[in-house]
Structures are given as structure tokens and as C-alpha cells.
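As C-alpha cells, one chain now follows by itself in the form predicted on its own.
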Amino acid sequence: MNVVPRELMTETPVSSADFRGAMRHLTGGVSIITAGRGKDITGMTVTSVTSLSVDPPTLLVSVNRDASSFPLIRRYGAFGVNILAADQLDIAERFAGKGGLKGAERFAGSQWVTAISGVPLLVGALSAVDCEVEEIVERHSHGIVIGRVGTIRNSVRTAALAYWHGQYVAVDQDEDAARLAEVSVPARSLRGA
């Protein structure tokens, strides 16, 4: 079933600043999207990856159409999703453009393998997923890229890198569970008193 786009009317237009402020409350996992083949490669840091379907395994990512990755995703019909571990902040910043690095320069300093599709996948990522483009839906400034998962490389690592309120934060299941237990003990003691 296809939905026909229509004009949406709101009582008060929402400003870009208000929208960005609202979205800062949404915690997102940090991933590197990689695109291209051989020396014609680039990548970008995103928090817009989400699963779409388990059967068949499919995910989607929103990519700004002005980003250097977008034309390579379109040209080669493939992309990689590299879900970052908590200690990979330097990689996230490098692919977000810190230091002015572009294209293949962003890959220096990290170990990469070439996926079946030809895209680079990060060694040591929590998960590295090779995707074939099924469809690109262009809306406003972005393309919603739907990718069929071809292969997955999972790590045994567990601490993830997330982005919240304009900052990178580490999320570690074991450490965070222990902290929550420490905080909740006094609350339980007060209730029993």
C-alpha cells in the first residue's frame, strides 16, 4: 500500500531550532555509514539507523542528499553500517568532519575490511553490516535509504557509543546496571522504613 503525500497543516509553524531542541532529547546509537569502492570511498557519522524488518533482514538510514556519501550509495547500490563501541569516539568525530578530513582520508587510523558489496566495514565495531540498496525515498533534504542486509560481522564487545543532548555518551550494560542498582538501594530502604 502506498501513501499519497499530502500537505500537512499545523496551527503554528515549528522552527528548525525548536525541532532540533526536541530531537536532542532522543538518544541515538552512533554508527558510521560507509559507501563506495576501492579508493572512491567516503563515510559519515549518523544516529539515524533503524531496523525495518527481520524477514527479510532490512534496515534504513536517513542520509542528507548533500552529504558526500549519498551519491556513492546511489552509484554503487550498497552501503555499510558500522555500529560504534564506546571507545570509538575518535572515529565518530573523524567521520563527522572534525579536523576537516574528507573522503578516503577519514578511514586512516582504523582497520577496515572490504565487504562482499565492496564497501569498507570497521574492524572492532559492535556490529558491521553490509547492505544492498533496495530503495531510496527522497523527502525534503534527505534520502531514506532502505537496505537489504547481506552479511553481518558481530563483536563480543558490549559498551556502545550513543549521542544525547549534543554529546557522545558511553552506554555499558554491565556498568550502567550496577549504577542503577546502587541508586535504587537507598530508595528501597526509604520505602521500607
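In case it trips you up, residue 1 is the first one in the sequence shown, and so on. Since the structure is predicted, the reported quantities are computational estimates derived from the model, not experimental observations.
This protein has a second form, the form predicted in complex with a small molecule, left out of what is shown; the following refers to that one.
query: the small molecule isn't shown here, but in the predicted bound form, which of 147-155, 50-58, 123-131, 160-168 has heavy atoms within 4.5 Å of it?
result: In the other structure, the partner sits against 160-168.
field: Candidate site 46, 64 and 95: all three near the small molecule in the predicted bound form by heavy atom within 4.5 Å
entry: Yes: 46, 64 and 95 each sit within 4.5 Å of the small molecule in the predicted bound form.
task: Give a yes/no on whether residue 37 approaches the small molecule to within 4.5 Å in the predicted bound form, heavy atoms considered.
output: No - in the predicted bound form, heavy atoms of residue 37 and the small molecule never come within 4.5 Å of each other.
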